[in-house]
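First, one chain by itself: the form predicted alone, in structure tokens.
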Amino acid sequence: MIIGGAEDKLRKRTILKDFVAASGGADARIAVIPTASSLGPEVVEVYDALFRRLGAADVVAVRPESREEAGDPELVARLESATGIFMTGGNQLKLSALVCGTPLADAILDAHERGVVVAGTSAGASIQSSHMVAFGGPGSTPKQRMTQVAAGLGLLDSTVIDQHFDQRNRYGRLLMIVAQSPQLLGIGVDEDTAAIVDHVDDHEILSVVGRGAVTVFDPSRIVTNAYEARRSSALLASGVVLHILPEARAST
């Protein structure tokens, strides 16, 4: 579950309800990973209260603050019984720097392989792709050096995910990345919106829930000058296939 940030926590709480239900409902055992957040214990307390109110049986915190802690067997073991993993928002580069390539990252990937629901909001969304936006400014026009990319967890192969997408005008920076790396599928997720990826047989099927939309850039046939553009000049990005995917509501 790739959540674009600012998910509704007060009213319908649709996305969080769906996460708890997918994690087992009344039998859900949820591990919250708040490493990206600059907040203290209160960020875990908020999600602990929310998930328990939505019916989860148990909520535990898994918060490494260094790569050494991300290798702590006791901390890693907390994921063994989890039916759902939730990564909070904050600084995705911090999350990547402390978690990726550690035993905790391996445990997240192993949990994903055995069917545990992995969700993340904002920073916790970005890190789910193979490539991750580290930081960068807003704007609709892709420009050279507009953003930088770091490694993600790779739950979704050959993708790059951005969040708060429409609200913070992040079209340009995602286009810059796919122009430079046309093998990547660009996925932008709006606030209070989730891209839900289900593994069915050998396929990955994406559905959308929430108030906004998921924007997909398919650059497989792109024509671009990204390999020769200088400094901060605008990039040519022609032939990118654009998909805007809102929630699909059943008609009555």
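Start at 1 and count along the sequence shown; that's the residue number. As the structure is a computational prediction, the values presented were derived from the model and not from experiment.
The form predicted in complex with a further copy of the same chain is left out here; the points below concern that form.
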>> in the predicted complex, does every one of Asp18, Tyr47 and Asp72 come within 4.5 Å of a further copy of the same chain, counting any heavy atom?
In response: no
> Heavy atom to heavy atom, is Ala213 within 4.5 Å of a further copy of the same chain in the predicted complex?
Replying inline: yes
> Is there a non-hydrogen atom of His243 within 4.5 angstroms of a non-hydrogen atom of a further copy of the same chain in the predicted complex?
Replying inline: yes
>> Residue-level question: is Ala234 within 4.5 Å of a further copy of the same chain in the predicted complex, judged on heavy atoms?
In response: yes
> Closest heavy atom of Lys143 to a further copy of the same chain in the predicted complex, within 4.5 Å or not?
Replying inline: yes
>> Looking at Ser158, Asn169, Ser81, Gln148 here, can you tell me which has any non-hydrogen atom within 4.5 angstroms of a further copy of the same chain in the predicted complex?
In response: Asn169
> Heavy atom within 4.5 Å of a further copy of the same chain in the predicted complex: which of Gly90, Pro182, Gly139, Gly136?
Replying inline: Gly139
> 128-136, 114-122, 161-169, 91-99: which one contacts a further copy of the same chain in the predicted complex at 4.5 Å, heavy atom to heavy atom?
Replying inline: 161-169
